[in-house]
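Next up: just one chain, as structure tokens, the form predicted on its own.
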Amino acid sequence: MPATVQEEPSTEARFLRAFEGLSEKAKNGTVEAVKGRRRRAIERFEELGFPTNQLEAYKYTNVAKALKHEYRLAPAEAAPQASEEQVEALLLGDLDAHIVVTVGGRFSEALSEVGPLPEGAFVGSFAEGANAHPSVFHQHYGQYADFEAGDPEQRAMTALNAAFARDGLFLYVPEGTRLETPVYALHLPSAGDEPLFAQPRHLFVVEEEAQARLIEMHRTPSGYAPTPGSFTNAVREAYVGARGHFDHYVVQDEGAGASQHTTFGAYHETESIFDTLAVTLSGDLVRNNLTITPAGPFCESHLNGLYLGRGETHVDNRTVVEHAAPDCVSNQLYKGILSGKATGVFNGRVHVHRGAQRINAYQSNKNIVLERSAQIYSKPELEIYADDVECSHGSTTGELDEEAIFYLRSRGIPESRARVILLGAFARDVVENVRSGPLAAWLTDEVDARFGARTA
């Protein structure tokens, strides 16, 4: 029987008891390196406990709010619960891609369709990839999202993931290899009557002078009943070698009752490019932690985000760029549109280390609040220990421009349509940074459709 998180005096105690209740087979998984760290990880989680509002980085986000359910942990053998037709409906039009599907955090071979790959490359299950490429796995696993030495305010959830995670997505592109066809990873929630606490683990390795593009979509198929109150605690790690290029896009759209906490640690070497985009379209509580370390000179880091909050959705994006080497560039652009009683949080920090001269770092957070009941908390930060740098940050929050609405109405455009046009234009700055045409087109249509439905 899969372990169930039972009622205990504290939320932490429920998870500790659930860990002890797992079978040895479930604890061990299939990867020796994972097996060896589980016990220390759960001990570390017991020491730290869940993040609280007393931590500065969680000042406006109460994770405990989404942990009130009696969760069932992901079963040892999760059978696919979606049909091929439902998966087909969630593909992006004419996008030619390697299709990878996970259900409740577990890789589904039956629903995935990975085409021919360049020699040595791997796209598929985290567990299978670790066994197929053990040296790559041991070199990178736990290095960029570390529950011992990583960001102190991200360690607890990373430790919890390391204690329970068994599967997820593994992407490996060896030195000098171009993965011409993008990878489309479709993450589906598990169906059932009990809330599921899923803890997938993902590892992306793009070696020296290699290139890859990954699109991750958290979606719920039409006619599919996801587990109510589900919570996903995902950890991603990415490595980009010298002169490598990795594009990473993630869309979170599992529905109003789903919560997500993601921790993403990325590390890239000399003259490499790392592009990432996080789009949140729905959810109950969504917290995204992103830490990027450009570790060699002449790196480019591009961080973009778009979040749409409706109802009582709570979306929190925290970014950290650790400029540890000179002559690097980083750009951050996060935009939010909030309505109803939604809450948005942006906390971005650029840390320029001592000796990291000639850094160009830009950070911008812009928000539109459609109703006075919505809230936004924005805190861009610069921490600089070098004197030859060009760094800037800024934050704005406001309402739609009434003069612009009046101008469009004077041209015969109905007010509802005028608002959709202005909101679409506001979001387009972020969407235009997407290098995948099919994804950019889908995002544009989604923004228009969602606000069109709201204002019609």
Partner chain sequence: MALLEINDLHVGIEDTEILRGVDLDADGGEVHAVMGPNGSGKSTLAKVLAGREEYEVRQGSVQYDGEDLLEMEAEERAQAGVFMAFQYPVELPGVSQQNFLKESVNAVREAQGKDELGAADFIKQVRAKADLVDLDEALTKRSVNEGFSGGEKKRNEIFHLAMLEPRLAILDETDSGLDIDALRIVADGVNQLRDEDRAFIIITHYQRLLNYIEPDYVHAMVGGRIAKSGDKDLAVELEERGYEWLSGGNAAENGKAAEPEEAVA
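Bear in mind that the values here come from a model prediction, so they are computed numbers and not experimental data. Residue numbers count along the first chain shown, from 1.
Just so it is clear, the following notes concern the form predicted together with the partner chain, a form of the same protein that is not shown.
Only one segment in the set 388-396, 53-61, 36-44, 419-427 has residues whose heavy atoms sit within 4.5 Å of the partner chain in the predicted complex; it is 419-427. Remark: E403 counts among the residues lining the partner chain in the predicted complex, judged by a heavy atom distance of 4.5 Å or less. Using a 4.5 angstroms threshold between heavy atoms, R409 counts as touching the partner chain in the predicted complex. Though the partner is left out of this view, G49 does not reach within 4.5 Å of the partner chain in the predicted complex, counting heavy atoms only.
With a 4.5 Å cutoff on heavy atoms, E70 does not count as touching the partner chain in the predicted complex; it lies far away. Heavy atoms closer than or equal to 4.5 Å to the partner chain in the predicted complex belong, across 239-278, to no residue whatsoever.
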